[in-house]
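The chain below stands alone, shown as structure tokens; this is the form predicted alone.
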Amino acid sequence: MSDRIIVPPPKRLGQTLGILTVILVIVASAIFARFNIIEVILGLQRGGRILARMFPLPGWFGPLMETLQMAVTGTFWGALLAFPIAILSARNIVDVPWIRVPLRFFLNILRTIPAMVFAAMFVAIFGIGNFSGVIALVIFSFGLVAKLLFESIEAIDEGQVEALRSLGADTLTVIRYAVLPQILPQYISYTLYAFEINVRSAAVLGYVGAGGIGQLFERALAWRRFHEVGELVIVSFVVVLFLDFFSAKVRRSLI
């Protein structure tokens, strides 16, 4: 039998000293060269402003970003608020009629009102701006996701719920270990679905003064600048098409 070749382990002390030496050399060189990271950041900002003057972004870029931000914010908060209401509305989790029936009736009312109507109402309350549009999308997303989610909760496998309850688990424990794992994919899917709708809705909320790219639509149509209208239509179509495709791919991977 041939003797095994034993490779000695590397010396940790030597590695540490080597790394510290390299760091020391880099720091000393930076100090000698008067290198300042703050100056680099300020220089990048100045460079960005110069590039912006050389290659200005189109006028629709800022409002388009506002539209996407409105859709993201409205969807996030609406879906977040929808979860507890969906739990309270599900018959198999909280079977209390005086809670469940009014909540379901309230959700049905919210689903019948378009986001544009909410936006117009909140513009009258809070004034013109993105805030009114975001609140409108929050309420619309809340009603949509809560309605779809409590229906999914009522369709879960009751075996896990009954098993936990037979062991004396309280309602919160049942929700955590029996309900949430079963509905989480649907919950994310419904949230993405609401986001798709909100992007399209946010694109036209500017007609009632709720901010976003819709204000450019309204302004271009008012001044009969149909070439700008065509440009905005194409941009909106491409963005919505891309987001729909991406959201559909994610939703298919979840379900």
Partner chain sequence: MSKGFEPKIYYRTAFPMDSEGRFLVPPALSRTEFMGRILNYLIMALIVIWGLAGLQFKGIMQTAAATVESFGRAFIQPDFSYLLDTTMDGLPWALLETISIAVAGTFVSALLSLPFALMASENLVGPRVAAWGKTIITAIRTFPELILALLFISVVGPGASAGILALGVHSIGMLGKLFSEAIEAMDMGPKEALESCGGRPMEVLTRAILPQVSPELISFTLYRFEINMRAAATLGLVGAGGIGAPLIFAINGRQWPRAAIIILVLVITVILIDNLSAAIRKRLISGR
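Worth saying up front: this structure is predicted, and the values here are computed from it rather than measured. Residue numbers count along the first chain shown, from 1.
One more form of this protein should be noted, the form predicted in complex with its partner chain, which is absent from this view; the next part is about it.
Under a 4.5 angstroms non-hydrogen atom cutoff, its partner chain in the predicted bound form has Arg111 among its neighbouring residues. Proximity of Thr171 to its partner chain in the predicted bound form falls outside the 4.5 Å heavy atom cutoff. In the predicted bound form, its partner chain lies within 4.5 Å of some heavy atom of Leu241.
When its partner chain is considered in the predicted bound form, Arg219 lies well away from it, no heavy atom lying within 4.5 Å. Scanning Val72, Leu103, Val94, Ala155 against its partner chain in the predicted bound form with a 4.5 Å heavy atom cut-off leaves one residue, Val72. Along 87-104, not one residue places a heavy atom within 4.5 Å of its partner chain in the predicted bound form.
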